[in-house]
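Starting off, we have a lone chain in the form predicted on its own, written out as structure tokens.
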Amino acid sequence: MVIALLTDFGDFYPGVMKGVIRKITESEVIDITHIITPQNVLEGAFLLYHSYRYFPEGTVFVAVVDPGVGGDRRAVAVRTTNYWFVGPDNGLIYPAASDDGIKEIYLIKNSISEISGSISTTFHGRDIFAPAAALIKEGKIHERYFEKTESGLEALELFEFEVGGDEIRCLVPYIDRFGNAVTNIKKDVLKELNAREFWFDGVRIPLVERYEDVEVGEPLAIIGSFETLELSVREGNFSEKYNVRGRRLRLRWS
């Protein structure tokens, strides 16, 4: 029995969420990550999508990257074929939930904050989402706290890109701690293009199978563990070296 947390909260805040959860359930709580770039819903959605399937069936995922906290966005709990997803309805949980197959969607009422003993306009992770996840894990989906809805989730598409001639315009949903620029171009797309190398700001980047296929300090393109195209520097930091900071890239390919 697992509850898994993914947030942009850094330290302190996740510990408080765990305290609320453990008031209700003895379930194991696993941290996926709490260092999502602040307010970066795309990054959070990308990492949730690429992590959920490695957890045991029945896991409740609490994902909170919530620029609209305290506003009009809905707080939702989503039952899918094998899991539950709890979080703000801002696109964050949509890719993972829809991938597993959405079965039911519940609105989480503010009254659930009775459990934490407070309702803040800035910390729904503690007051809304943590108690909701714990109640779900205990099978206590009371009408006092949850309301089933037929309206769908706010959509967020992770794998949209454009190909025109010899150019690809893509997204960089994630830059990891090594400085690898992880794009949203799936490996199947690269096979269809029969791409062998890329050009970025006049720099040639060969598509290789292993980091050691280029010299130390040289750029490379590789299919990483996300099974999408990553731009890297062997034993270096691609994003710093080539000043990749935005979410979008324009690449030439051949």
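Keep in mind that what you see is a predicted model, and the values were worked out from it rather than measured. Note that residue numbering follows the sequence shown and begins at 1.
Note that the form predicted together with another copy of the chain isn't included here; everything after this is about it.
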**Report entry** Touches another copy of the chain in the model of the complex: Y106 (any heavy atom, 4.5 Å)
**Finding:** no
**Report entry** Proximity of G217 to another copy of the chain in the model of the complex, heavy atoms at 4.5 Å
**Finding:** no
**Report entry** Distance check, D188 to another copy of the chain in the model of the complex, heavy atom within 4.5 Å
**Finding:** no
Query raised in the report: in the model of the complex, does E192 have a heavy atom within 4.5 Å of another copy of the chain?
Result: no
Report task. Choose from 164 to 172, 140 to 148, 93 to 101, 122 to 130 the stretch whose residues reach within 4.5 Å of another copy of the chain in the model of the complex, heavy atoms counted. Result -> 122 to 130
Report task. Note that another copy of the chain is not shown here; using its position in the model of the complex, name the residues of 4 to 24 with a heavy atom within 4.5 Å of it, in sequence order. Result -> D8, F9, G10, D11, F12, Y13, G15, V16, K18, G19, V20, R22, K23
